[in-house]
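Here we start with a single chain on its own, the form predicted on its own, put down as structure tokens.
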């Protein structure tokens, strides 16, 4: 009998739900909160609002913003020292995937001895973490519901993947209003990141009936609403739909894991210090092309939920249409056509490919691949001509 686990945080969803921040921290027993935030939410005033609700709940706090857009190992280690020195007893993160990953890493190191590198891989965290509450500011990373954290190794120039059920936040607060202050480029790249989460979770070797439900619904919502969300910051219906899509995609990939797109992305991101969402968006169609023969039926289902007119199409034709529709969506929202536009040097590809095989996300890819296969995918993505994917 096949046995699987399905984990999620307590989820609080709805416009204005940021107001629950103080009550949630208090309910989890906190008296002094370690508040992790990125510059974007600081500038837009969301941190100030969160602090108002912490004060309303009579909670002390220590604000920490000293981390990069791609959090580095030494930064989160310094953050953990500050957490303990200040006597904090819970972590509240508000921001994009970087802020949440940094918060998870700080929480890990606050109760577990060692360097953050010691926890790379699957289920390496041994001691319980302090209460963790997450408020996402983008519709893409899904970090508010996932058991993943991605931290940059400053010496190896790679992104470490840390996977543990200990990293699933206690409470996730999703307030679609926060998306109204995200610019169109970030909206596009994080939205495509959510699509890559949903598609790779659906195709994953660890997928289940439960994760498939969330993955397919996320794909449907993204294909119907991402263009509108990119086109207008004030399209409330699109923002609500995309926040739901990110949530569903996060639940799906947290439980089904991911695949080769992310295994490759982590290597490029570590080398070039670029956001995961941007690289995912570029690589996704190329990896889908490679994986096609392993899951033709599932690709056909993807085409159908994306709204393809599949009458009189064969299953293979539907599968091909799924790849075409992902490419078209990426082009429409301004995703670069290939890795050359991101500045990837060709001579880095062999080393990136070797490292990708060792990434934890590669384990659940639906098609076997060796180093040469990954090199070929990288080169196809690098050599893409403008306007092609």
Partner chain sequence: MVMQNKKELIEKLTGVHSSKKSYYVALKEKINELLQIKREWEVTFSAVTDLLVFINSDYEIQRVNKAAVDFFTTPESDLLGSKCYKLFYGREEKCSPCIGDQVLNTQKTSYLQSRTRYNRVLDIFAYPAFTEQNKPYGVTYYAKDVTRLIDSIKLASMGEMSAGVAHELNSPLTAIVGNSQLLLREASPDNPHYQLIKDIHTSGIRCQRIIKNLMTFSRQDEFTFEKIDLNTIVKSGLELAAYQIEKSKIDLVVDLYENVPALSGSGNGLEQIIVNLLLNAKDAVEEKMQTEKNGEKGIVTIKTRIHPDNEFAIVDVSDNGHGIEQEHVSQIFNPFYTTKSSGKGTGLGLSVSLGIAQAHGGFIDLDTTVGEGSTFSLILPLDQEAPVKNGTMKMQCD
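Keep in mind that this is a model prediction, so the values were computed, not measured. Residue numbers count along the first chain shown, from 1.
Beyond what is shown, the protein has a form predicted together with its partner chain; the following relates to that form.
Contact check for residue 128: a non-hydrogen atom falls within 4.5 Å of its partner chain in the predicted complex.
When its partner chain is considered in the predicted complex, residue 360 lines it closely, a heavy atom lying within 4.5 Å. In the predicted complex, residue 78 stays away from its partner chain, with no heavy atom inside 4.5 Å. Among heavy atoms of residue 169, some come within 4.5 Å of its partner chain in the predicted complex. Proximity to its partner chain in the predicted complex, defined as a heavy atom within 4.5 Å, singles out one entry of 308, 272, 224, 122, which is 122. With the partner removed from view, the residue among 278, 187, 291, 147 that has a non-hydrogen atom within 4.5 Å of its partner chain in the predicted complex turns out to be 147. The stretch in contact with its partner chain in the predicted complex, judged by heavy atoms within 4.5 Å, is 161 to 169, chosen from 161 to 169, 260 to 268, 227 to 235, 193 to 201.
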